[in-house]
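A lone chain, given as structure tokens: the form predicted alone.
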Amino acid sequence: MPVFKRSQQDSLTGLPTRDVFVSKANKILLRGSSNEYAAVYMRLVNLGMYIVRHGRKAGEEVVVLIATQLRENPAIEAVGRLSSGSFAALAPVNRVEEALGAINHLLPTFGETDGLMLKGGYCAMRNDLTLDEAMARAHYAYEDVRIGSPAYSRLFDQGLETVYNRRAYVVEHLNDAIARGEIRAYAQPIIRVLTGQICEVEILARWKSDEFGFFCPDEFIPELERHRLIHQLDGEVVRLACKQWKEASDLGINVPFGINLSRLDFELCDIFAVVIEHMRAYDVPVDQVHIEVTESALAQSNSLLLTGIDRFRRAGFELYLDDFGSGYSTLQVLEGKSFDVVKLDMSLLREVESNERARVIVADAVSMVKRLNLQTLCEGVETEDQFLFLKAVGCEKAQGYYFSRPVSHEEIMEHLEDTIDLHETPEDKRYYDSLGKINLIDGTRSSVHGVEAAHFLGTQPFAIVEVRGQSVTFLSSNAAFNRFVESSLARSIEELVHRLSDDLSSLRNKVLFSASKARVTGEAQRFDFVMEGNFLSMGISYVEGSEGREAYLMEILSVTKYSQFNDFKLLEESLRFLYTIFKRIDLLDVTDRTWRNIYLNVPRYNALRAGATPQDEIVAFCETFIHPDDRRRFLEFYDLTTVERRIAKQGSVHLADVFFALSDNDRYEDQLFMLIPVSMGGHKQFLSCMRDLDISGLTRQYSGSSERISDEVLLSGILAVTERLVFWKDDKGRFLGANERFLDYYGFLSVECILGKTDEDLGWTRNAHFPVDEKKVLAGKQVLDVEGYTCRREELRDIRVSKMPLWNEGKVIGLVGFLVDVGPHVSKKDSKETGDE
């Protein structure tokens, strides 16, 4: 090989520069048949990563090694270095792959290569091609093999020739295409997930050529960016979008639209001025336009881009971050950037139907974006299951072929005219944008307070409900809420809505009352209720109101689930902690005309007639213990033939009334009696319960029939009057709730202080045998009066703890327990320690 002057050779490798290479290659082509040769473009793939890991000096050593191999390879007749890891060569067509293969097989002997490969594209010389033209085509072939292909090389063949010519046409005829109207502005609807309505459209560029037909966006957009012409295309699309919006507005249709801007738009022109100019020309308000910028553009951000984004923000435009999760995602992209909506890339959605990890990733992405007080939009929705999943995790907006492909202006106008009631008004947008900030995974929102945070991916049931007048409807709910509904006799959200629409529904009335109070006070409201045997607690928080509609965040905490008692032993075991609240509990069997006393804690009320029928016992009890003035009402109350009809009329799950009965001190006092229908073994049965009436606020009713006492009052009263400190946990040992005495005992301000926490979370690890006891309980056993000690407000106290399993359909779903304070802890050794249970 000849020795070149320093100015004619690369200082690092000693190879000829580009100009010297071109001169030598042309001389070789003139000496023989050019058809025998190929122009070759080669580049070291992954060189940048190699330098990052091993340093610049190591990178330069690899480049020198490759240059030496190229210079000494007998198959290569001329070679030059173009830049960094790029080389140009002239070689016989049939020996290019041999040369590249030999060099790549040598690379692993050089040491750890981290994916380094020398890849190349080559183009056979033709009489109608200059060397420069052939090199351009060789570079195009290299781009085709650069990523994702195991091959080292790619020949510029007829297939690539067709694509190359189409893309060359794009670059050379853009201005002509704009003048001839070949550039079109298509629209793809964006759907509000909560309502299914069209909330906006995204404007997408399309190119229909008279010569080549439709160009795919992947053909012309990258090519125009590569040749720094993209700003001309985007300016025309903005003009068309504004013009089309004006045409729709003149017909009374005002649907906001979004326009995509390239990073280069901010460098090649004053894109802000271009957008404003076209909007003013067609009287488009700023609230009808949003600007989309891709995440990859921000990853390569410069001052012009950031300044331009800030100008749009200060002018009142909404900003969308496009393609989030497409491969560039970092928290730095969102940090400090004033975006309103984050568009999740369609690649995140493709596997959610079959891949649990994909579902977790999408749910986590939605949750993270919401915590940043941004909205979420997922593109690429293709199936109903994908749409329902997005709804369950609280994604606000969606677009994709499941709803509509991108369509022409004429098609979208026809659709909008036919569905005038199915796209949003500006007030709808404000209202639903506010609702969209609620995170259904954990129930959090910056302006919603008082609801407990749940564990990841919706283990706590949350829903968004809407109140219009006296009706309640569900807008959205998470997976845990859906599972809760499906496990109840309601079976579906639709059935639950039907129940809440019933004028006799006590639950509906409680929801409406709590919602109204939450709206007025601005604080979350909570109430307890029984539904189908389940003891539940519901939280209601006000979110937003608009034009006669109000939205609330609803949370349901299932304290215990009983849909049916399979045998009476189960009832005795799981509800024994409540027995001490009552003076007497009886099971009245209408089918076989028997009664059975279950529980008695006052000898005065011993059964009067063993072996008697339920009616006989009722009459005997009435004559012995009920005040004469109340006996007629008492017998009417205990008329077992009319109980179900009276319950249905009242819309309740039980009957309750207050009667004058002999008390423990031989005086007539108000006593509360309840009749609760149960079903065991196919028999029609009722539980009869009696206890003191000592709930403040209740007054004696002397009319023919007293006002029905609500479930809320009864259940809160049950937990309030017992001296025990009652708590309940799920099957993972996490607290689900406790009564006021328990909370007061430990000094907790509210139940939120313990919800979802374990004994370990609260630091209650003092009694090593307690976790062992709970394992026994969750296995279906009881532990009664177990001794231990605890720290109550910095004072060690001895306690006795009892725990029983909570059953549902033969399965233990948690435990309920109570503790009794025995007195100061007597052990001097333990008294020096601190901590809780």
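Numbers for residues come from their place in the sequence shown, where the first is 1. It should be emphasised that the depicted structure is a prediction, and the values quoted were computed from it without experimental measurement.
Heads up, the form predicted in complex with a small molecule isn't pictured, but that's what we're talking about next.
Student: Considering the small molecule in the model of the complex, find the one stretch among 375-383, 510-518, 465-473, 127-135 with heavy atoms no farther than 4.5 Å from it.
Tutor: Every other range fails; the passing one is 375-383.
Student: Note which of L90, V289, L261, V201 lies within 4.5 Å of the small molecule in the model of the complex, where distance is taken over heavy atoms; exactly one does.
Tutor: That would be L261.
Student: Could you tell me which one of K429, R350, R166, R646 places a heavy atom within 4.5 Å of the small molecule in the model of the complex?
Tutor: It is R350 that has a heavy atom within 4.5 Å of the partner.
Student: Under a 4.5 Å heavy atom criterion, is R206 part of the interface with the small molecule in the model of the complex?
Tutor: Yes, contact at 4.5 Å.
Student: Although the partner isn't part of this model, could you tell me whether Q188 comes within 4.5 Å of the small molecule in the model of the complex, counting any heavy atom of the residue?
Tutor: Q188: contacts the small molecule in the model of the complex.
Student: Taking the small molecule as it sits in the model of the complex, is V237 near enough to touch it, meaning that at least one heavy atom pair lies within 4.5 angstroms?
Tutor: Yes - in the model of the complex, heavy atoms of V237 and the small molecule come within 4.5 Å of each other.
Student: D323 versus the small molecule, in the model of the complex: is there a non-hydrogen atom within 4.5 Å?
Tutor: Looking in the model of the complex, residue contacts with the small molecule include D323, since a heavy atom lies within 4.5 Å.
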